[in-house]
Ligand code: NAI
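This document starts with one chain, in the form predicted on its own, laid out as structure tokens.
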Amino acid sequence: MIDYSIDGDGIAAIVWNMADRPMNVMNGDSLAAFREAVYKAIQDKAVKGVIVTSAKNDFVAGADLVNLLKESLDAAKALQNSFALQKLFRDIEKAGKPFVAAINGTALGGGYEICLACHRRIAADNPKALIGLPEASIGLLPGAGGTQRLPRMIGVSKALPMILESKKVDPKAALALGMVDELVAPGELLIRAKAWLLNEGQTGHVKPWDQKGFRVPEAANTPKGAQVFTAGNGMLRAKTMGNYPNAQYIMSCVYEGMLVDIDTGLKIESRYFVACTQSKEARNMIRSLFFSIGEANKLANRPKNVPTQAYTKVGVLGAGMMGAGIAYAASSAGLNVVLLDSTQEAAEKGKAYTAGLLDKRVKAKKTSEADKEKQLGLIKATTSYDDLKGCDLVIEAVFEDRAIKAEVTKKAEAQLEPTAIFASNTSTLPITGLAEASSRPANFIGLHFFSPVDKMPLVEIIRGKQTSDETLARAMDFVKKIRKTPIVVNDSRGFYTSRVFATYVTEGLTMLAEGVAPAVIENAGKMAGMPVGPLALADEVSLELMHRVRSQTRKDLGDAYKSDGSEPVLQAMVEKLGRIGKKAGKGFYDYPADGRKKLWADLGKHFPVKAEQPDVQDVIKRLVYIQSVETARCLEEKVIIDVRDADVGSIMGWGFPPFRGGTVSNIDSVGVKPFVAECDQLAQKFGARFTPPRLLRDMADQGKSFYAA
């Protein structure tokens, strides 16, 4: 777990080497072994200096979150554990002999905090390594000195963005920021670390904050510090809407800690850290953003006993924005891609999309011209279905029209081997119905990508009624190959993501029809934690597309189709007013070429605003609860099987607030029983769409929750 040795020159090596883990992590056992090695080195008079490093490819990835969550159940004990860790790191700083962190690879969170406690940080020049304090991204804060040492070391104005935004940088960027002191070739790391210990380190082992007269230049009681914290608090509030307690705790840690000595600052940090671990927001985020996404990426729901599919060549039908994005993702993973459209010009335009993205990467020095040309060489732009021969998988991304999709399905399958998979990228049309055009429906599946594909990490895999286990497993292998996160759902109109996402937009439009002020609707959406308000989102999606989907659904369902309060709004905007969304420069918002978007001034003329407006918290509740109650229906109907997939899909697919943990975790956060009661009240006041399904009522009666405590 921790290897300890001393060489003939009196240099001790403390080497992290957890045999039972792919990466070194900080937990009770590893920290006990590390503590023992540290004090052994400090107490041994023959030891002149200490190298802290790793026997693995990476340094230390951070805390074991399972262990952390268990320990945090007892707040008093968690605080004592935090104090003990802070003491260990302070004893390293005050050891009277130098410690150097030889950072051979990724050092994140607690791993980097070990480095901060050392007297020098020397990193191997490994461009794949990441260094940083990413705790804020899962609702926590650095709890082993990160909020106190980094600002003292590089300044508050540099440190705060690194901590608040969970930035992870490569070693070169870390050197430029002052997060590491030296960069050396990987083969020279230990040689240079030892040389520093034997020479400069013999007099350079007193931290600046332990030297007489040290002052934090950007503390809040300095002119520059006052500016940093004043602006920082305003920006933080605007960005988080007060929904993330850990962000405010981080600001408080740094603000208060920089006004006192390091030891008092560390106590302040420990108290805020433990408070953070007790919050439902942190538990929601850790569960969904760390554990559940991790399980999805490991293909936890992949059918067993199906050999892993190795992909070499894929086809993409339709070179529009979605098809072009899929071609970029597949070629980025080293796959040969046949990008097919009805005209050569359209196909070449789709390939040019990848060229444009790669040009930006070349400019940002994230790739080379040679690698750009190599990737472009993997994409064949064509109009010939003959070029699909040899494809392991073909993904259809054509216009949302059943007839067109049926036509391209038949043409493509005529060129494919019997074992090849055919997938549709449709976002709403049931896969089982589309598979009727296929001669082998067992090999037919849905792969719903999100726009823009190059940025959106989620793929919703839709299993049709005849889709085989083998096809599902192989489709999941493809999603992993292109480095996306898969969730698996069963076939249904709108599947899971489109169906639940639509409720947010629909509720906003319904409120507009009821006379709620547009600004109230939009601000409530952002205050709820959504990326944008429902009206802005409708503009982004396209009112015209939404109207067309409604028309297709009405045609498909006939008498079973149920209208809702949003339909007259859509109809008026598209058919009467010709305001079809952002792409046309006019929807619920105006989009001037030379300025920022703003709500259309005449909205009130067409959708009159009532004199008495609802409380904003009630508006927030409607926008959030409608998504969770629809998710519960999806679970009851077996559209989605795994609650983890539901949470991951809601956060990664359409931006459901991470602090709520996803649409399912939100129900648990409220409590199933009170959630049901509040939904009943909403149903009475606003309509049956809020009525909780039997699944929730039964859980409420039995005192159950979706996740174990």
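If you're wondering where the values come from, they're calculated on a predicted model, not measured in any experiment. We number the residues from 1 along the sequence you see.
One more form of this protein, predicted in complex with this ligand, exists but is not displayed; see below.
Looking at 75 to 83, 239 to 247, 183 to 191, 334 to 342, the stretch with residues near this ligand in the predicted bound form, meaning non-hydrogen atoms within 4.5 angstroms, turns out to be 334 to 342. Residue contact with this ligand in the predicted bound form: Lys405 places a heavy atom within 4.5 Å of it. A residue is said to contact a partner when one of its heavy atoms sits within 4.5 Å of a partner heavy atom; Phe399 meets this definition for this ligand in the predicted bound form. Interface residue remark: Ser451 is counted as part of the site for this ligand in the predicted bound form, having a heavy atom within 4.5 Å. Using a 4.5 angstroms threshold between heavy atoms, Met321 counts as touching this ligand in the predicted bound form. Exactly one listed residue, out of Gln627, Gln309, Thr426, Ser270, brings a non-hydrogen atom to within 4.5 Å of this ligand in the predicted bound form: Thr426. Scanning Phe607, Trp196, Tyr385, Trp600 against this ligand in the predicted bound form with a 4.5 Å heavy atom cut-off leaves one residue, Tyr385.
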